[in-house]
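A lone chain, given as structure tokens: the form predicted on its own.
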């Protein structure tokens, strides 16, 4: 079992992996502990999402990734 991710501490520019296999970069964090605004960098499920900005639910964040 991995440690929980405190999304309130994630800064813009942080890359995150999502439960559906997508990777996104945080654009804005309202620090409410529930939502992040992020831009999709990869989306195997729906390639049309790449480049789009969306609200991401905290429960969908499964990993914090290092920038390449």
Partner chain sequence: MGTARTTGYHPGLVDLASGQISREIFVNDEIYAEEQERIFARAWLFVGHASQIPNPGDYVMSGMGEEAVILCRDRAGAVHVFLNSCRHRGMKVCRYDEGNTSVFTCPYHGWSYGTDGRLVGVPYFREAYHSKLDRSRWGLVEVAQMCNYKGAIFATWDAQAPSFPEYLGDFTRYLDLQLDGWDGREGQAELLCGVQKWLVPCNWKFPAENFSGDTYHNISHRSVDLAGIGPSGSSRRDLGERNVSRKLHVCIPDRGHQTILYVMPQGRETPVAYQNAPIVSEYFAHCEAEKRRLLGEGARLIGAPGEIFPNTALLSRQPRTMAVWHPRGPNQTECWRYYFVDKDAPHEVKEFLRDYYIRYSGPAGMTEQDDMENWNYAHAASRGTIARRHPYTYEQGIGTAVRDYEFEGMRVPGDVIDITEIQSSEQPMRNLYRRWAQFMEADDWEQLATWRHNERAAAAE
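Note that the structure is predicted; figures quoted are calculated from it, not measured. Residue numbers count along the first chain shown, from 1.
Omitted from view is the form predicted in complex with the partner chain, to which the following refers.
Interface residue remark: residue 25 is not counted as part of the site for the partner chain in the predicted complex, having no heavy atom within 4.5 Å. Although the partner is absent here, residue 51 lies well away from the partner chain in the predicted complex, with no heavy atom inside 4.5 Å. The partner chain is not shown here, but in the predicted complex it comes within 4.5 Å of a heavy atom of residue 55. With a 4.5 Å cutoff on heavy atoms, residue 12 does not count as touching the partner chain in the predicted complex; it lies far away. Counting a residue when any of its non-hydrogen atoms is within 4.5 Å of the partner chain in the predicted complex, the hits in 11 to 50 run 30, 32, 34, 35, 37, 40, 45, 49.
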